[in-house]
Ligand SMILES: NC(=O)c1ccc[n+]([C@@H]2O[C@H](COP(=O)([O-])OP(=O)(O)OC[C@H]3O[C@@H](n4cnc5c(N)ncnc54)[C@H](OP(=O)(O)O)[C@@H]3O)[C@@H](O)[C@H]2O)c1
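Take a look at this single chain, the form predicted on its own, given in structure tokens.
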């Protein structure tokens, strides 16, 4: 299976038998591309979002995470492409901003794993981002959240076998440079096609406890 920063061709249909995937955040830029890629590769995808998708749940509420699994279980894999954090200069951030960012990107994804263990037979793929490694102005909450998710993935991997868990950690995507490029000066962008490869690698491959950087 080709996977690398410089591969830009279309991924072939999966050699892994089709699996049932819960895709969180399928309506976003990355989620839409991941959704199409999984479908093209022969997987059965259930999309989940607050206001759109096959299933509608607010995953910042642990009770709704439980309700999601009650509605969708059993599944082979969970893939998350969503996580909300506030972007403000550090001097303007409040304690509530940090709580909201931690709930929106860290705790929501942790709950997907914690509550998903009885319902998911294969793998979890969470999303982080470049700010765990290369911070930007006004990105303190995102850096904190991304780093926390990546540490959680490494810790969870040693406890949840035979299930697997990984994270995908992209930088700004090429297709969003017009809107967000100014916030990431000098950082090379990544194509959506490369980000989707990382999700495929996590779901279909054998590795666990990894942070895939497209």
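Just so it is clear, the model here is predicted, and its values are computed rather than measured. Numbering follows the first chain given and starts at 1.
Missing here is the form predicted in complex with the named molecule; even so, the following discussion is about that form.
Here the chain stands by itself, but in the predicted complex one stretch of 70 to 78, 91 to 99, 126 to 134, 113 to 121, 126 to 134, has heavy atoms within 4.5 Å of the named molecule. Taken together, the three residues 28, 58 and 105 all come within 4.5 Å of the named molecule in the predicted complex, as judged by their closest heavy atom. Within this chain, residue 82 lines the site of the named molecule in the predicted complex, having a heavy atom no more than 4.5 Å away. When the named molecule is considered in the predicted complex, residue 50 lines it closely, a heavy atom lying within 4.5 Å. The shortest heavy atom separation between residue 45 and the named molecule in the predicted complex exceeds 4.5 Å.
At a distance threshold of 4.5 angstroms between non-hydrogen atoms, residue 156 is out of contact with the named molecule in the predicted complex. Annotation for 149 to 182: interface residues with the named molecule in the predicted complex are 170, 171, 172, 173, 176, 180 [heavy atom within 4.5 Å].
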